[in-house]
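Shown next as structure tokens: one chain only, the form predicted on its own.
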Amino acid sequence: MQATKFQVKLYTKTSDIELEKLVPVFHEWIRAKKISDELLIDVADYAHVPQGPGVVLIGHQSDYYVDVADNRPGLLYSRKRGFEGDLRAGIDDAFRRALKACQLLEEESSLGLAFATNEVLFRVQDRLSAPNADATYDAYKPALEQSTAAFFGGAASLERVGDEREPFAVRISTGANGTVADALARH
């Protein structure tokens, strides 16, 4: 069984974001089908939860959070339905979708958001298929390095985070100082 429930988080350049402004923006994304290859369903507002999920754009295949977990706001893409393809293609798809959502948020002038590309958090929300262990890290490391190089250029530094009770997670220092648009254009 291959894990496909990938999460990718890119952090905002500033820690001061107004979560309540995201609710109408995400509703407009649903109406305008801003993410044309996904069925977007609803918006959930958890802005009242300290260090919580923030505001969530709920879709059939994926959810898009602007969260404030660990006091580090960012866009968290979360695939919850299966992906057809190999590990590298699945990681590339998750990176691409997260970056595209960041780009759409940056284009919303009312939000004033900008996303950094020098650090990415990658998680697998399937502890049965991808336990947070050395063997999982060894299996994912080559694909993560290839995907990171393809989107952000250069060699990245990968660090497994969390313990065995938590989902498998890797903090990726990309070394990139470009924009989200640069990363999308590269791959």
Partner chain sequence: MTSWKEQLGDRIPDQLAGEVELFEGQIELKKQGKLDDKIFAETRLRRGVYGQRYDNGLRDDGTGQKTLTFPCGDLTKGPDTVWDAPGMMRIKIPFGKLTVEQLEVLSELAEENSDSILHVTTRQDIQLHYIHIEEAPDMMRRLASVGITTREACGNSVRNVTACEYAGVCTTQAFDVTPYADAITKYLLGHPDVQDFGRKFKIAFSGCEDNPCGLVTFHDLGAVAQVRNGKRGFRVVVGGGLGAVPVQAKVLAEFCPEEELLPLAQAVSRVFARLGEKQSRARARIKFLVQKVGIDEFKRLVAEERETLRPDERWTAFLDDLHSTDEKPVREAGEIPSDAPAGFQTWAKHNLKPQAQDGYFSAIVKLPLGDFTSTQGRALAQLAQDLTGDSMRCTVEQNLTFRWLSGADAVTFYERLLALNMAEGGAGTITDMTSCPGTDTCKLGISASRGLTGELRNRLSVIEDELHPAVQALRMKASGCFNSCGQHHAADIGFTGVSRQVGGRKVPHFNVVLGGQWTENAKSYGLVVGAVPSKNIPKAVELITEYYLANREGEESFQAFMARVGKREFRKVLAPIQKPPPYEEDPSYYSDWGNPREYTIGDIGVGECAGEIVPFVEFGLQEAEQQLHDAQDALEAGQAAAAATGAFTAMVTAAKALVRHLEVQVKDDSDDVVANFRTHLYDTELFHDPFAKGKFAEYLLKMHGDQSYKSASEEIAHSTLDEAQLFLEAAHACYQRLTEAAAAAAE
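Numbering follows the first chain given and starts at 1. Remember, it's a predicted structure, so these values are computed and weren't measured experimentally.
The next section is about a form of this same protein that is not shown, the form predicted in complex with the partner chain.
Of the stretches 154 to 162, 136 to 144, 114 to 122, 39 to 47, only 39 to 47 has residues with a heavy atom within 4.5 Å of the partner chain in the predicted complex. Using a 4.5 Å cutoff between non-hydrogen atoms, residue 34 does not count as a contact of the partner chain in the predicted complex. Contact annotation for residue 71: at least one heavy atom lies within 4.5 Å of the partner chain in the predicted complex. When the partner chain is considered in the predicted complex, residue 30 lines it closely, a heavy atom lying within 4.5 Å. Taking non-hydrogen atoms only, residue 150 never approaches the partner chain to within 4.5 angstroms in the predicted complex. With contact defined as any non-hydrogen atom lying within 4.5 angstroms of the partner chain in the predicted complex, the contacting residues in 100 to 131 are 125, 126, 127, 128, given in sequence order.
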